[in-house]
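Single chain ahead, written as structure tokens, the form predicted alone.
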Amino acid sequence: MNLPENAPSDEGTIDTNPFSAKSISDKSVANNVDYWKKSLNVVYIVLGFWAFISLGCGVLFRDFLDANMPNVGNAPFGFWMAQQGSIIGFLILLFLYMVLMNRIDRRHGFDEDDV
């Protein structure tokens, strides 16, 4: 690619982006790519469980859960999942996401203590 004559040159500038390919070695690039793949896998898994808990248990399978699961207090299980269970499930997923992401950060050198 040819740059125009008055285009700024990259020579002599310091690259401050820690994820750019120019400032890091090939090993670091592989580490970053692996980090993002694992991070995205965690996000997809957590979102999948969140969709299953909130939409699946609260709406799509509510009638099945009401008919086949025991009541929670005086409420049918499907109704309870739509009102309380999805909130509890969301809080559990938040905690699980924090633990998994901290573990991935530590393994790849992006821990908050390292920065």
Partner chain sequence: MSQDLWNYLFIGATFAVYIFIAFRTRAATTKEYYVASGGVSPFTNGMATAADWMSAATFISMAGGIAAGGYDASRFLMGWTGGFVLLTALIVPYLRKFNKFTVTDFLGDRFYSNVARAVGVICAVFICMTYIMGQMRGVGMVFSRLFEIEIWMGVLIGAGIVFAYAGLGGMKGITYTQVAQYCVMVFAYTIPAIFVSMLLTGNVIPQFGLIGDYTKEGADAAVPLLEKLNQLNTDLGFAKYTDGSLSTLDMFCITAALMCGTAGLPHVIVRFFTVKSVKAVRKSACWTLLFIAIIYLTAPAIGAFSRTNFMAEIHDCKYSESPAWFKSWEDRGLIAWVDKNGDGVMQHQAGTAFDGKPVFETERAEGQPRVVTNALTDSPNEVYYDQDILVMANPEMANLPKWVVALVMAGCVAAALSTAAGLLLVLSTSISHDLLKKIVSPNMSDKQEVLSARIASFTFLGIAAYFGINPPSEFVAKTVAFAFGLAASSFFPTILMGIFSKRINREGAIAGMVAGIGLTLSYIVYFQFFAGHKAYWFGISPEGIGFVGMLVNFAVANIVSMMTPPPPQEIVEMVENIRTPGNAGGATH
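Positions refer to the first chain, counted from 1. None of the values given here were measured: they were computed from a predicted structure.
We do not show the form predicted together with its partner chain, though everything after this point is about it.
Novice: Mark I87 yes when one of its heavy atoms lies within 4.5 Å of a heavy atom of its partner chain in the predicted bound form, and no otherwise.
Specialist: It does: once its partner chain is placed as it appears in the predicted bound form, I87 has a heavy atom within 4.5 Å of it.
Novice: If we define contact as a non-hydrogen atom of the residue within 4.5 angstroms of the partner, is M69 a contact of its partner chain in the predicted bound form?
Specialist: No.
Novice: How about W36 - does it come within 4.5 Å of its partner chain in the predicted bound form, if we only consider non-hydrogen atoms?
Specialist: Judged by the heavy-atom cut-off of 4.5 Å, W36 is in contact with its partner chain in the predicted bound form.
Novice: May I ask you to state whether A30 is within 4.5 Å of its partner chain in the predicted bound form, using heavy atom distances?
Specialist: A30 lies outside the contact set for its partner chain.
Novice: Note that its partner chain is not shown here; using its position in the predicted bound form, name the residues of 29 to 51 with a heavy atom within 4.5 Å of it, in sequence order.
Specialist: If the 4.5 Å heavy-atom criterion is applied to its partner chain in the predicted bound form, 29 to 51 yields N32, Y35, W36, L40, V43, V46, L47, W50.
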